[in-house]
Ligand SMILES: Cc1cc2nc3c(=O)[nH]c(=O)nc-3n(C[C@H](O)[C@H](O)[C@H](O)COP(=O)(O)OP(=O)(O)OC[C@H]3O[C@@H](n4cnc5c(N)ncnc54)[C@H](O)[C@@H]3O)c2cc1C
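Only one chain is shown below, in structure tokens, and it's the form predicted on its own.
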Amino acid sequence: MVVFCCERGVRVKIAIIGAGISAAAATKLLIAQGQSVSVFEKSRGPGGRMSSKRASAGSFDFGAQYFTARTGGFQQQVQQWQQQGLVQVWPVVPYSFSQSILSPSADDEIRYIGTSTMHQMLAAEFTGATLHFDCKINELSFVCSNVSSQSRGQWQLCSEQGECFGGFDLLLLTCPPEQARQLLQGAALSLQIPEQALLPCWAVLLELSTPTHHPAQAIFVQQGKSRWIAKQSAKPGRHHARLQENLNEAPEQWLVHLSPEVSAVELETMPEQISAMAALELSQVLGTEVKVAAALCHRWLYASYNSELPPCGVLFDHKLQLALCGDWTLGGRVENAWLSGVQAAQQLLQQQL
């Protein structure tokens, strides 16, 4: 149904594939401008690579571990989230493991985390949009028609479950670049998507039977098979209420991110072997043998930005009324994911003027 608005005369229908932070930023801006937005996400809820999971002791962050705010626009957004109690500062002193030495490596960076979960702040950003979770879009078609509100054509989306959704004037893809390329096969814009823009990562949560009591909480690893190690149980707000009252009863939980190179080689390795590899890495970095009571693995096929590639920028095809955004378009980092969503939404709106 076409709804008329005051400025242009037409309220356009916009489809967004993905529900990570770039999609959240775009949705918020588009809804604020009175547009009709439908979001399609293959997972059970919003978050993308910022998603956290639940364990017996509380929540833990498998993907993004923290984020920073260096630009004015994103700083204002983070301040708003802080006022709402959705984001807090992580007052951590980072450590560095290099040349087999683990030592503090303090810096002036202000690191933020979502309160209780990394993706806590995203749900409200989708307010006003039509949300389709557990809905993996696997086919797109652009149909030229004089019936659409723009008289230029409309997008139709079909899901893996066989559902079809049509009548969209604009389309925004915020999914990983490899998935976007598959969806856009045959479209000229697909040729602009860089290959291997996002690299894989095995993330392993290790719950220890015996605590290490090591003071390090966040470790940048410069050698070996891992690149990041964090004591998840030391992150603020991550414990269940029953454990929050007495943190001495909470088990020590460590998250290990294996390096992109190792993760690429070990993509098909069994989780039990990956867990053992992560435990050995943790022992070597901390300088003490750890005893693992339980382990949980998550394989990110598309995780960290490939810094060897120059950022391609947010991609647009005005003829097809199509845009692609994500952290990978601006050089990685949570902040750039947000900024790319804002930029894509602004460009789509300008196209309608």
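Position 1 is the first residue in the sequence shown; the rest follow in order. This is a predicted model, so every value here is computed, not measured.
The same protein also has a form predicted together with the named molecule, omitted here; what follows describes it.
**Student:** Quick check on this chain: which one of Ala345, Ala19, Ala15, Val12 has a heavy atom within 4.5 Å of the named molecule in the predicted complex?
**Tutor:** Answer to the contact question: Ala19.
**Student:** Identify, from the list Cys175, Leu171, Ala278, Ile229, the residue with a heavy atom within 4.5 Å of the named molecule in the predicted complex.
**Tutor:** Comparing distances to the named molecule in the predicted complex, the residue within 4.5 Å is Cys175.
**Student:** If we define contact as a non-hydrogen atom of the residue within 4.5 angstroms of the partner, is Phe67 a contact of the named molecule in the predicted complex?
**Tutor:** Phe67: yes, in contact with the named molecule in the predicted complex.
**Student:** Spell out, yes or no, whether the shortest heavy atom distance between Lys42 and the named molecule in the predicted complex is within 4.5 Å.
**Tutor:** Because a heavy atom of Lys42 falls inside 4.5 Å of the named molecule in the predicted complex, the answer is yes.
**Student:** Although the named molecule is absent from this view, report whether Ala187 comes within 4.5 Å of it in the predicted complex, heavy atoms only.
**Tutor:** The answer is no: Ala187 has no heavy atom within 4.5 Å of the named molecule.
**Student:** Do Lys28 and the named molecule come within 4.5 Å of each other in the predicted complex, heavy atoms counted?
**Tutor:** No - in the predicted complex, heavy atoms of Lys28 and the named molecule never come within 4.5 Å of each other.
**Student:** In terms of non-hydrogen atoms within 4.5 angstroms, which of the given stretches 265 to 273, 135 to 143, 189 to 197, 78 to 86 touches the named molecule in the predicted complex?
**Tutor:** Stretch with heavy atoms near the partner: 135 to 143.
**Student:** Is it the case that Val92, Pro94 and Trp254 all touch the named molecule in the predicted complex, with a non-hydrogen atom of each within 4.5 angstroms?
**Tutor:** No, the candidate spot makes no contact with the named molecule.
**Student:** For the heavy atom contacts within 4.5 Å of the named molecule in the predicted complex, list the residues of 89 to 121 involved, in sequence order.
**Tutor:** Sequence-ordered list is empty.
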